[in-house]
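First comes one chain, alone, set out as structure tokens in the form predicted alone.
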């Protein structure tokens, strides 16, 4: 029998699932080797169990944790799909403030009585999927790369470890013979950011924000020293460290207590 795979979404833009839905002619190849049993983006089918479950989105509410744990119990292999599931996404930045502060920032005209009675905003706290349940593998990126998704799926079907790179984006920049952004007055998280994106942002003149997270053993202190030498203030450095990777900052704060 074909492996049964399913896709589930939590707090996210669902862009990673859209990447899968947009596989175009490759969808035919995928359909030949797996049985997609749940995928809200493209179908209404439901299933009782799964061989592989792909989870997109950060986990925000107690009801989300309950739902995720139920999915985990029914699946053999669980994969965090994209940055929101992997690290908590950009929405994790809101963990720095209270629920009411966030609500007032987004909806400044909201009345106090409406804010107080809105149960959804009582205790929102964005988490990565692995902070709630065991995650077997991760496909990083914002959004994920469709080609990488296919490679990971093929590896999982054959019982192999997914081929996710564990070297910095700088390696891919050098392969493409890109001009280092630091030499032209820009700044980049490439030295500690996980590769696999093809250095797409630096290749087009944009600074790497480490949307794929850090490599396993990043030299963070050295990266900070480089940014300081380039004239960035502590606040500017923190801004660059937290765009997609606030999970690491929270971990540092917790460990320092």
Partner chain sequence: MKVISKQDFNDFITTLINDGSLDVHGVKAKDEKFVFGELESSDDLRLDYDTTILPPKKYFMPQYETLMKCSLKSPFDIKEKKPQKPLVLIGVHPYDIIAINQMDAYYCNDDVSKSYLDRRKNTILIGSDVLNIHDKAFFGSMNTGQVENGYDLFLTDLDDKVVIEIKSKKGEDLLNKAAMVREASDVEKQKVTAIRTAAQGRAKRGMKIEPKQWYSLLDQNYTSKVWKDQSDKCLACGTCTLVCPTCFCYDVNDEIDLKGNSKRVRTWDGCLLRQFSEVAGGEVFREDIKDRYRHRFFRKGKYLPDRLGFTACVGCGRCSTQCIPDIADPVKVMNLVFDNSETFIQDEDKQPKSISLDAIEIDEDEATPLHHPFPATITKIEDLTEREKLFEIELDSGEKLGHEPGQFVEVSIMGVGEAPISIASPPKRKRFDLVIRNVGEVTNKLHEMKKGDKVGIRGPFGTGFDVDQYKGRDLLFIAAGLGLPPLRSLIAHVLDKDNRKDYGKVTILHGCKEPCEVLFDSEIGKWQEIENVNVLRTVDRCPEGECWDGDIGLITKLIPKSNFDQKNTFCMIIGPPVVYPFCIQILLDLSVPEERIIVSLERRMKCGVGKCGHCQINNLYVCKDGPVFNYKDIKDLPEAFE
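Positions refer to the first chain, counted from 1. What you see is a predicted model, and the numbers here were worked out from it, not measured in a lab.
One more form of this protein, predicted together with the partner chain, exists but is not displayed; see below.
In the predicted complex, the partner chain sits beyond 4.5 Å of every heavy atom of residue 100.
A residue is said to contact a partner when one of its heavy atoms sits within 4.5 Å of a partner heavy atom; residue 217 meets this definition for the partner chain in the predicted complex. Using a 4.5 angstroms threshold between heavy atoms, residue 104 stays clear of the partner chain in the predicted complex. Although the partner is absent here, residue 112 is not a contact residue: none of its heavy atoms lies within 4.5 angstroms of the partner chain in the predicted complex. The candidate spot formed by 71, 75 and 249 lies out of contact with the partner chain in the predicted complex, as no residue has a heavy atom within 4.5 Å of it. Per the 4.5 Å heavy atom criterion, the partner chain in the predicted complex is contacted by stretch 219 to 227, the sole one of 58 to 66, 206 to 214, 219 to 227, 41 to 49. Taking the partner chain as positioned in the predicted complex, the residues of 138 to 154 that bring a heavy atom within 4.5 Å of it are, in sequence order, 150, 154.
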